[in-house]
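We've got the same protein chain twice here, in two forms, each standing alone as structure tokens: structure 1 and structure 2.
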Structure 1
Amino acid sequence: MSTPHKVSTEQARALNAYVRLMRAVEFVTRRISPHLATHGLTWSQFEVLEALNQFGSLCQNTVAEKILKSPANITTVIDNLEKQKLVRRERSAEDRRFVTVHLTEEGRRLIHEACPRHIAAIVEEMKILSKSEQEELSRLCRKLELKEGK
């Protein structure tokens, strides 16, 4: 984004930080992703399984919140996970609008196998940063995420 438009020094600094941020995520993601492919999982599928493993069975709306995706999207991801028999849908008895999603035994086995490797891959990526650098990165990113001043 270092554009031909005239920008002040301050704007250039902000833009540079932004571009670096985007590129870092792009490259880190690219290096981590292959680990998931070996388990036959896409990124979103992994995130859904992980959320179910961590929080227990959830309704689809909650899954969407956890992995920061739209409900419409969750439907298709769950569809594909169900085809692979990694999760099971269950229409709630009390309120029939809700669909609760459960891990199957198969799904639980897979995520228990994939998760440690995934964590290891992430740690491997981040350890290029020192302890204090990791903490500083967390702090800065949290500020960007919240940005309530907006």
Structure 2
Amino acid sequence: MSTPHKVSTEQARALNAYVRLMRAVEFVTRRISPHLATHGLTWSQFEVLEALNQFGSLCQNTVAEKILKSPANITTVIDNLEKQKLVRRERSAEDRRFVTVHLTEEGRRLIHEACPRHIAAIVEEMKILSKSEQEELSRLCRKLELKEGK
């Protein structure tokens, strides 16, 4: 990575790895996402539907945590999904600050329709890596994720 700042070899190596990781994520996401538009979904909307399908109804803040989005961003995403009748919100009677998001039957149908094509696109993208490379990439990414807990 080229930078106008003086950096050590260690810093340059870390920056280069980070930039390559982020670019790879962006390129792969860009290549696997177009089919979502055929279902009228954005990447974030797909992630919300998939999380609700996997975990069941969730508090809106938990949805944000699960898909690594800010609560403010997730509100807009869920607003749009609700307009499409793919999810419904339910405010807690005990504590009105808590809003639970439920997948509707239409949302469940759509995620079940979109998922196989999405999985196939991911598998196709990952074919560039051997089985052992995919496993190593997964292991390394997990290692980066777990750093947060240290």
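What you see is a predicted model, and the numbers here were worked out from it, not measured in a lab. Just so we're on the same page, rigid core means the largest C-alpha set that superposes within 1.5 Å between forms. Residue positions are counted from 1 along structure 1's sequence.
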Correct structure when looking for the form predicted together with the DNA: 1
Rigid-core frame, C-alpha of Q134, shift of 2 angstroms or more between structures 1 and 2: no
Inter-form CA displacement between structures 1 and 2 at Y18 - rigid core frame, Å: 2.9
